[in-house]
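Quick setup: one chain, the form predicted on its own, written in structure tokens, and binding and motion questions come after.
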């Protein structure tokens, strides 16, 4: 099981480096999903299935969807359709697809072997009650501040990205001939 841990960690490191080095936001987003899935696999291997589920549901689900909505909100140009056609080439998705297939094969192997937490690392099962007490106990201020920071970022991105409608008086408009 140690080899599966190291493979997941290597995929996480590689995909995170690809997130950092990509210029295109969609490419970086695909690698970010792979990074989140590999971290969830690492959590599952070390015996934290609840943390793995939270990683998939919250990060790979909600945060990525939020980023997609912000991208859609900021991409209001007419050239967006042509740009999306360029983005959806096999060169874009083949890298994340290979890394995701490695993670999927590893997860099937771990689930098939029956001993998911036997990685040789210290193993302690963390249930949802302990996570809730920890988040909303001593770390409540951090949770609330991070929520407000995310909301401020979304509102700021919306206001920066929206297109201002030019108001021109009807007498100042040039007539089309």
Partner chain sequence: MNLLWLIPTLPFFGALVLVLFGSQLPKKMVPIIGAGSVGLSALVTFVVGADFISSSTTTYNFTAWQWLDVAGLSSAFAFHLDALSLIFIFVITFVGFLIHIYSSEFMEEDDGYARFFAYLNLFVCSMLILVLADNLVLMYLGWEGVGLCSYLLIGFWYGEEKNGYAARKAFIVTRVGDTAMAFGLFVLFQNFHTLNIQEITTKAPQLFAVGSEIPLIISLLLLGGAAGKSAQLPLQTWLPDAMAGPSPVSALIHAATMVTAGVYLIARTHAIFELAPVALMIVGIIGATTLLIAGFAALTQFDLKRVLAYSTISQIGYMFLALGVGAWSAAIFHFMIHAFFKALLFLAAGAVIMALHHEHDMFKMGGLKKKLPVIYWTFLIGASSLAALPLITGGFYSKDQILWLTLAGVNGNIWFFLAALLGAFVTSIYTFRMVYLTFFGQEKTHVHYTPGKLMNIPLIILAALSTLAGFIELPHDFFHLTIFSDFLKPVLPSVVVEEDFESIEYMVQMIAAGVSVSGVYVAYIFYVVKPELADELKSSAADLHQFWYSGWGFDRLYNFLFVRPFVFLASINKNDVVDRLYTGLVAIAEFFHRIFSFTQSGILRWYIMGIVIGGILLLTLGLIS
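If you superpose the two forms and keep the largest set of C-alpha atoms that fall within 1.5 Å, you have the rigid core. Not measured: the values here are computed from a predicted model. Positions refer to the first chain, counted from 1.
Omitted from view is the form predicted together with its partner chain, to which the following refers.
Q: Hey, in the predicted bound form, does residue 30 get a heavy atom within 4.5 angstroms of its partner chain?
A: Contact check for residue 30: no, nothing within 4.5 Å of its partner chain in the predicted bound form.
Q: If you check in the predicted bound form, is residue 110 within 4.5 Å of its partner chain, heavy atoms only?
A: Contact check for residue 110: yes, within 4.5 Å of its partner chain in the predicted bound form.
Q: Once the two forms are fit on the core, has residue 108 moved its CA by at least 2 Å between the shown form and the other one?
A: Yes, the C-alpha moves 2 Å or more.
Q: Looking in the predicted bound form, are the Cα atoms of residue 107 and residue 27 closer together or farther apart than here, the change being 3 Å or more?
A: Between the C-alphas of residue 27 and residue 107, the gap widens in the predicted bound form (3 Å or more compared with this form).
Q: By 3 Å or more, the Cα spacing of residue 105 and residue 63 differs in the predicted bound form; is it closer or farther than in this view?
A: Farther apart, by at least 3 Å.
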